[in-house]
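Shown next as structure tokens: one chain only, the form predicted alone.
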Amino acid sequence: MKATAHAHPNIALIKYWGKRDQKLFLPHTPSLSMTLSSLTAVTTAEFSASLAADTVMLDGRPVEGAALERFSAHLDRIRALAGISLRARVVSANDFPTAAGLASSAAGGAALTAALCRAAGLDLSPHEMSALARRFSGSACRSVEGGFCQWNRGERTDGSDSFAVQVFPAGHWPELRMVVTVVSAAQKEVSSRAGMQHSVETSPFFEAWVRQVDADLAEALSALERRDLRALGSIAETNACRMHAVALGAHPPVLYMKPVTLDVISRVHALRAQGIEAWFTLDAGPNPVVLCLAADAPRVAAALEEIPGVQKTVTAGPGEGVTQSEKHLF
């Protein structure tokens, strides 16, 4: 009863920010993302009668306290589905910074869910897997499948219709690139979960955000279908700014950007003024991601790496969904 799964983070082109149900992780709005090819989370999970309690290791460190309770709650969901009571050992590792605004919980949650389901003998459809991964981390539902995925808001109170669907496969736009710009690998001071709930409760801009997202999504889907980078980049950049405006409007404000984040954004604007199609998006963290085409990606990455405070860049194209592996972490 051991299995290993690989998953990639997804970066939202149209953001998810705010839950209408804290327990089921149901969003106020739909969202749209691209699964990345270059960054990977790997999780090995094993159910065993020899274990007296669940144990979790993440990036070589034991998970304890409230974080372990979160993992055990997800394990309980899967145990209930599989009709088993065995405790589990979980070992997970990311090849990119964890909890730094690069969707580590999305990749990790998808890999965790896939590995646990296989170890428990469950055979779920992609939509069932996506809905289950959502219960661990909302954005994890978008990393189950590859390419470009839309997380449906859903209407049912039990959350059964709130899952991600692939709207275009990775091969739909193979020339599209995201240049991930790491300006800080440190864990952010305010988690996405805490920041979005605080925004829902205190930001006067939140209701306007909810009203606007459907129009943003329609515009992004149309641009994606046409493979129109200028249109897609423009709405992705605007949508990201709107999300951060909601967080900045909370009381007290939630600020995820650092000075170097703004330097990167300024350089992206300068690149566009020079005729290079480059557009930024920014999740709940300090690390911008820049959309461009493959032909421009080396020049974009080089320009960003010149900025003091930028630690590195990673260029990724559209990636695949969750995969299984026979090479285990333990």
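Not measured: the values here are computed from a predicted model. Numbers for residues come from their place in the sequence shown, where the first is 1.
Although it is not shown, the form predicted in complex with a small molecule is what the next lines describe.
*Asks:* Determine which one of 282 to 290, 265 to 273, 49 to 57, 34 to 42 lies within 4.5 Å of the small molecule in the predicted complex, judging by heavy atom distances; exactly one does.
*Replies:* That would be stretch 282 to 290.
*Asks:* Among 179, 232, 117, 196, which has any heavy atom within 4.5 Å of the small molecule in the predicted complex?
*Replies:* Result of the distance check: 196.
*Asks:* I need to confirm a contact call. Of 203, 162, 92, 105, which residue comes within 4.5 Å of the small molecule in the predicted complex, counting heavy atoms only?
*Replies:* Exactly one listed residue reaches within 4.5 Å, namely 105.
*Asks:* Residue 243 near the small molecule in the predicted complex, any heavy atom under 4.5 Å?
*Replies:* Yes - in the predicted complex, heavy atoms of residue 243 and the small molecule come within 4.5 Å of each other.
*Asks:* Taking the shortest heavy atom distance, is residue 12 within 4.5 Å of the small molecule in the predicted complex?
*Replies:* Yes - in the predicted complex, heavy atoms of residue 12 and the small molecule come within 4.5 Å of each other.
*Asks:* Verify the contact flag for residue 137: yes if a non-hydrogen atom of it lies within 4.5 Å of a non-hydrogen atom of the small molecule in the predicted complex, no if not.
*Replies:* Yes, residue 137 sits close enough to the small molecule in the predicted complex that at least one of its heavy atoms falls within 4.5 Å.
*Asks:* Do residue 130 and the small molecule share at least one heavy atom pair within 4.5 Å in the predicted complex?
*Replies:* Answer no; every heavy atom of residue 130 is more than 4.5 Å from the small molecule in the predicted complex.
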